[in-house]
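For this one, two forms of the same chain are given in structure tokens, first as structure 1 and then as structure 2.
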Structure 1
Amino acid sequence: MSLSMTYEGVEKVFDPEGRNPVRALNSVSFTIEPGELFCLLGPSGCGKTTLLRCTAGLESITGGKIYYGERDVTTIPPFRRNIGMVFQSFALYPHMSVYENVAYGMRVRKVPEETIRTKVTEIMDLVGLPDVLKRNPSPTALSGGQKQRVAVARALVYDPEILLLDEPLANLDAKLRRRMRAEIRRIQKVTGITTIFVTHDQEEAMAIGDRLAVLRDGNVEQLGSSGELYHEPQNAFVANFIGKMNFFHGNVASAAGANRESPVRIGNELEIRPHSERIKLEGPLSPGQDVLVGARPENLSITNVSSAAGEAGGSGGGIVGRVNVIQNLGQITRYEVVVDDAYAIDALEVDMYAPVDGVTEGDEVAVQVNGEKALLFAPETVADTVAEEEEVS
């Protein structure tokens, strides 16, 4: 019943003949499965909204094709596409009651009045607002969460083939946002409608999406389930964007005849041997080559410097740094450790399952890396990645 959706080399250039053309989308190609809840994720200005608007037909594309199922909809205007969309601003009509807002799409389709009444009642039950419908106020009198639900109801009530959501939760406060994203997922699974959900919040995307695509500068950087993106990021950008990633400067140990099994050193203190699948660099490694080592907080550990000195050589010593902040987050304890610029790009974040004895803020500690779980990336991407992250926050 629900449709798949395919992008085939979709390109969008704003103002192509003008003096400063903007390439917002760059040969985007992928397929969304029928009934899937698909997330578009990326930093501000990466082209998420543009891709969504092109999908809806609100923006014409300058290259490529878009299919709903088998149907090529590239040049079909939005009102002939049978889709539903929830805007960030909700776009509820202030001059109509809630009922009229929800009924709008069916009125356009000249659905008989009784059918409209039953369908509006049904959908308002589904989004959990039967009381609001009874009062039937103007949407301006609703709370943020209620508006959001009405907008979802309005977009779903006429059985569209595809549902598009552009940062639908951005206008809500943090707590409500959490509740509503579970709610949206529930409603989407009940209706089984193929859905695209745009957000710049990676936590939200990972929580809600069956699969997600990470966009950067109009390119799809990686596409997959949240687990795949978290554990197998294709490059430093994705690694940094999905969850926290610590980056170290490393280089390939200069043993003769370096290959993908060669150890990588971080400074003189650490030597790691990442799994060959976790090396995200093209081609063979050469001796002395600079690489970027990535490790998740849970793949780092710290030891008290004094005890580390005691069992010298036990774990290769580790990089010495100073604990800046300790956050006790319940099942884990998070240490922020500042190390010398020569080792790492930023302060390190280390998650330990139990507090380390005798370490308090301001103490010196040694940081170790679980070499098996570390990732290797090309070093060029570092500057970019970090700069963009700063822009986002």
Structure 2
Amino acid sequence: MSLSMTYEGVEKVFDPEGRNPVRALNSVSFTIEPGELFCLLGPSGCGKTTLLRCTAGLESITGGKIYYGERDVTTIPPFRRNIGMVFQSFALYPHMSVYENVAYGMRVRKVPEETIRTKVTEIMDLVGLPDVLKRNPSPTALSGGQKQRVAVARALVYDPEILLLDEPLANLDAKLRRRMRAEIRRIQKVTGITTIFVTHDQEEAMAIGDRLAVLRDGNVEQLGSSGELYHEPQNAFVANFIGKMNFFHGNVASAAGANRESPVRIGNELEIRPHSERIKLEGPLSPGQDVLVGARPENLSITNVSSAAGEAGGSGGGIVGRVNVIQNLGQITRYEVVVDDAYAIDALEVDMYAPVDGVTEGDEVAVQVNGEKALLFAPETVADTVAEEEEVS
């Protein structure tokens, strides 16, 4: 039966008595549901791998508690936790055959040989490698994708209560990663084992996870489904980390009372009216208040600046910029547009479902924002957000 996973105020401080203690986790509290495929996501140094290692018992926690179901495992050593773990490096034994690699965990547990043979055969069928088992070579003779499946099989063969995956696809090429993440999700759903998947790749996390937790500096910034984090990010950091977000300098044009549906100006060229549910600031908006406007690439559009000239300067106008790069990505055409720093932070990415007639690289265009889909954030969050995005990339 699948178990839940609960963190209650988990803290981790490295070298707490030293001169330079490092706080890796800050009072982390949330619950992973039984049978859930849960992703820990965040930039390097955010604490996601530390939390995974604490979950496995490879690191002791400084404070708080960790539960597998109703059982407090905070002080229980790793070999008594019945977990399966898959590492980024695969960690297969080159001197052993594929069969012996997969069977290793069961041999340590002194499982009868007949049961080992049955379980290894079953699990290799599950991961789609029955032919590899028949050949039974050394792992050194396998491709990257095959090694990854063998590593997953080894972690699953003794029926662990919890499966932990630490960036298991990081060493694979892009095409193989896409195929393997689908395979891992298929295998996890067949087995029903509660699984934690650590990654810094936002696309990978959104594709594979039932729910995600975005970590930053040891704190959980937001927890939810990929759709919730993409469409309703709670702050600028999450908005910028999950998918691409364009940020504009905005200013509240006039007050609209408690409903907060106030018009917001971006410079003097564009006025939008974000939906009240997409305003991620506390309290009513006030006239003249500075805000940070966020818009996804698909919620921007461009027109040839000459055709937009008649509208410029009013609420239907746009911000004039110059097209730097045009990328044809199949279903969409992506335009990178450079605008004045007074309007936006960094170059804008605009996704159009069809190429815009008459617009080529180097041309001036007018950029419009879908106000209903825009989000409002506190302006002081943007400096750290953009800096961390550059560090991750």
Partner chain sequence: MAADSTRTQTESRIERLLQKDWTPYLIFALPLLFLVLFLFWPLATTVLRALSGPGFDIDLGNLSLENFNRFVTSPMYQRSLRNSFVVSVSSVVFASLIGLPMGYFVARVKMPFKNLFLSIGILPIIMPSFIGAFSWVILLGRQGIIRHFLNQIFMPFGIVIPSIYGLWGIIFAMSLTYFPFVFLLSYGAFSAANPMLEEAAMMMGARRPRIMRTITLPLVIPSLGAGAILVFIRSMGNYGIPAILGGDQYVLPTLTYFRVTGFWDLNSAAAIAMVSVAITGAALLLQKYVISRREYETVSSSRSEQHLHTHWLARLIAVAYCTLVLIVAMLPNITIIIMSFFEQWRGLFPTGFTLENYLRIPRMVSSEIFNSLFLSITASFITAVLGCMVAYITERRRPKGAVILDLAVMAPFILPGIVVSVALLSAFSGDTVLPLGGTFMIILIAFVVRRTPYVFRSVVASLTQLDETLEESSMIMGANWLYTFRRVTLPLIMSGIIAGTILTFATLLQELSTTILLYSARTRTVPVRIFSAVQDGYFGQGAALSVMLLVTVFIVVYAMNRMLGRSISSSFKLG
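So that the term is clear: the rigid core is the largest set of C-alpha atoms that superpose within 1.5 Å between two forms. Everything quoted here is computed from the prediction, not taken from an experiment. All residue numbers here refer to structure 1's sequence, counted from 1.
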Quick check on the two chains I just loaded: which one is the form predicted in complex with the partner chain, 1 or 2? 1
Any chance the CA of residue 170 moves 2 angstroms or more between structures 1 and 2, core superposed? no
Core superposed first: is there a CA shift of 2 Å or greater at residue 207 between structures 1 and 2? no
Core-superposed comparison between structures 1 and 2, residue 74 Cα displacement 2 Å or beyond: no
Taking the rigid core as the frame, how far in Å does the Cα of residue 94 move between structures 1 and 2? 2.9
